[in-house]
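As structure tokens, one chain now follows by itself in the form predicted on its own.
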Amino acid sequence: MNKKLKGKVAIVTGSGANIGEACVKALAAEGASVVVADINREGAERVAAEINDSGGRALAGYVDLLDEKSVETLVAASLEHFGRIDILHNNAADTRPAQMAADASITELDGSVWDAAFAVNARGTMLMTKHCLPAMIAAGGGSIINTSSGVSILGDIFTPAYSASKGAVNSFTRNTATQFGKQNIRCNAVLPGLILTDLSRSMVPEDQLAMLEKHTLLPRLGNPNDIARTVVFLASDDASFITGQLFAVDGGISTHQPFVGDVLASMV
């Protein structure tokens, strides 16, 4: 079978569970050697073992995106183990339940909550990109895929810090694409809508899930493989002339007038 990413090496942050796990497994299934990078050592080791047991090539890597030395160590270990870096998927974000619960009304938002969102989501993305770029350029180019969010482009009544940090990721995506395009570096962002994971199911009540499904144009909510397939596409030569773009993978929820879901429901 012709695998799209044979001979490539990919690092995926936050890949010890949920969306990141689906993405790193999808990259491995297409032939990439992968670094399963996460602050959760146990999760990273589990996912890497599952990839290796299924015939892929994976290295579990610990990384704390708040610590630049930790990022440097991860990148150095990846290069020592696999010899190159071709793909970077900046997927990790601070979605701790306590952090997300505190990210509420702007008038009550503590500055530490704002800083925590930017420290991981935006600064962490920058640090990983900064330290992977030299190796990617030396390898002749590569693809960087940043996980942003649908809330980065639409106003919401929740998570202003998270939303703003993901807006920064969008801007950083375009700056990276602009600065390094001539070195054959492509950089794009994926903007998920609500994706059904263990995390999202634990945080979003069933009635809100039903409401969001009503406003999704397609007849279902998203799952991690919807994001994974997009990441594989952007990592592959199929996307070799695509850079600096924001890809909403949200079942169409960001494309329509706010009343469309109610109108469709009334027509059933």
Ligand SMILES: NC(=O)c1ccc[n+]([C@@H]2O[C@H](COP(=O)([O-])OP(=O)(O)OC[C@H]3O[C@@H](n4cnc5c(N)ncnc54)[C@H](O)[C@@H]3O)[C@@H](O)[C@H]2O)c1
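On a predicted model such as this, the values are computed, not experimentally measured, just so you know. All residue numbers are counted from 1 along the displayed sequence.
Only in words, not in the display: the form predicted together with the ligand, which the text now covers.
*Asks:* Within 4.5 Å of the ligand in the model of the complex, counting heavy atoms only, one of 49-57, 31-39, 213-221, 228-236 shows up; tell me which.
*Replies:* Checking each option against the 4.5 Å cut-off leaves 31-39.
*Asks:* Taking the shortest heavy atom distance, is Ile242 within 4.5 Å of the ligand in the model of the complex?
*Replies:* Residue-level check for Ile242: no, no contact with the ligand.
*Asks:* According to a 4.5 angstroms non-hydrogen atom cut-off, is Asp64 in contact with the ligand in the model of the complex?
*Replies:* Close contact exists here: in the model of the complex, Asp64 approaches the ligand to within 4.5 Å, heavy atoms only.
*Asks:* Quick check on Ile11: any heavy atom within 4.5 Å of the ligand in the model of the complex?
*Replies:* No, Ile11 is distant from the partner.
*Asks:* So in the model of the complex, does Ile144 come within 4.5 Å of the ligand, heavy atom to heavy atom?
*Replies:* Looking in the model of the complex, residue contacts with the ligand do not include Ile144, since no heavy atom lies within 4.5 Å.
*Asks:* Please pick, from Leu127, Leu133, Ala177, Ile195, the one residue with any non-hydrogen atom lying within 4.5 angstroms of the ligand in the model of the complex.
*Replies:* When the ligand is considered in the model of the complex, the option within 4.5 Å is Ile195.
*Asks:* Name the residue from Ile185, Val113, Val120, Ile85 that puts a heavy atom within 4.5 Å of the ligand in the model of the complex.
*Replies:* By the 4.5 Å heavy-atom cutoff, the listed residue in contact is Val120.
*Asks:* Let me know which residues along 197-218 have a heavy atom within 4.5 Å of the ligand in the model of the complex, or say none if there are none.
*Replies:* Thr197, Leu199, Ser200 sit within 4.5 Å of the partner.
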